[in-house]
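The chain below stands alone, shown as structure tokens; this is the form predicted on its own.
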């Protein structure tokens, strides 16, 4: 299975189409009335900010084809002509709905708390397309109050200003830029047929090396082989691994979990986390678990697969989102219906493709 993450629109910062436009931004205030419940968004400094691109939150493939084949002006004309027609859900949609379900339960337990998920729509679309996005959000009754529409410029520079804890996009270049800025980020892919997921419990699955942890162990494997990797992990079992790009996101999930635990809801907590790693439990699993413990972090379930495919396990877990640094595992997860995200981090990203079994061996230590 070959997954293609769609290229993000590159739209110049023009003012949009003059002829045929029916509404201005001032008109939008009266034309589009929010259908979502009236809620006060949390302050950014108190919230867990999840930045999502419009093209992972919604299905915009038809519009993307118009842009690529006919150009920007025709693209904007099409969006204006269809701005009352909502987009259908994209791969991040169920994840965002699960975040809102957690928020609802947090508000019930802590009415005054602002430690909530706050979703920000981040797009380099032109603001003239914003009416259709607003209409779509209202149609699906999503609670998204913060928009960042950059009119063709890269939105990466705004992520820190939004105190972003996680950035999801279909554009691998922008994801790489975000990681370079120290922001947890991943490229999201759409499986051909998405597995149904829980509507009440947020489930997040993480790979270990080069995702939660650094890639230092993979560097040992690449330089010295599998036997030396196992020897190294055993010898350094009590030395914590350095952090990877998504450690901070696991931390904020754990912080919210503890708020539910404090109310006696450990067993029915609406957030559940999973470590899904191809490490072997006996030979290299102890270091992973001891690292998490040294960080003061809990993982609800740890699955050590010893190099076996991850797709069948993920099909059983049914996570809303799964993070891995290797496309070999991302593709395998997507084949089984899991919404999988690629984290382009670590030494494995520099290993040439097309090496057959060698590539599979590299992925199997994770």
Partner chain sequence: MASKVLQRVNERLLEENPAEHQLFDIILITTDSWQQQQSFSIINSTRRHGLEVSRFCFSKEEDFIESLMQNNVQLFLTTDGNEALQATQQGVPSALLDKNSASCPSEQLRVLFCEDAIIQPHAGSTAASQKSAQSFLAQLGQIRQKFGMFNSPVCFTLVTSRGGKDSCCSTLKSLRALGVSVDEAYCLGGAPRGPILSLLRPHLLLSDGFGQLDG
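Note that the coordinates shown come from a computational prediction; the quantities given were computed from them, not determined experimentally. Residue numbers count along the first chain shown, from 1.
The form predicted together with the partner chain exists for this protein as well; it is not shown, and the discussion that follows is about that form.
Contact annotation for residue 235: none of its heavy atoms lies within 4.5 Å of the partner chain in the predicted complex. Contact between residue 218 and the partner chain in the predicted complex is not found at the 4.5 Å heavy atom cutoff. In the predicted complex, residue 115 stays away from the partner chain, with no heavy atom inside 4.5 Å. Residue contact with the partner chain in the predicted complex: residue 151 places a heavy atom within 4.5 Å of it. When you look in the predicted complex, the only residue of 271, 252, 142, 292 with a non-hydrogen atom within 4.5 Å of the partner chain is 142.
In terms of contact with the partner chain in the predicted complex, the residue from 230, 78, 260, 128 that brings a heavy atom within 4.5 Å is 128. For the three residues 83, 134 and 158, a heavy atom within 4.5 Å of the partner chain turns up in the predicted complex in every case.
Note that among 98-106, 243-251, 192-200, 69-77, the stretch whose heavy atoms approach the partner chain to within 4.5 Å in the predicted complex is 69-77.
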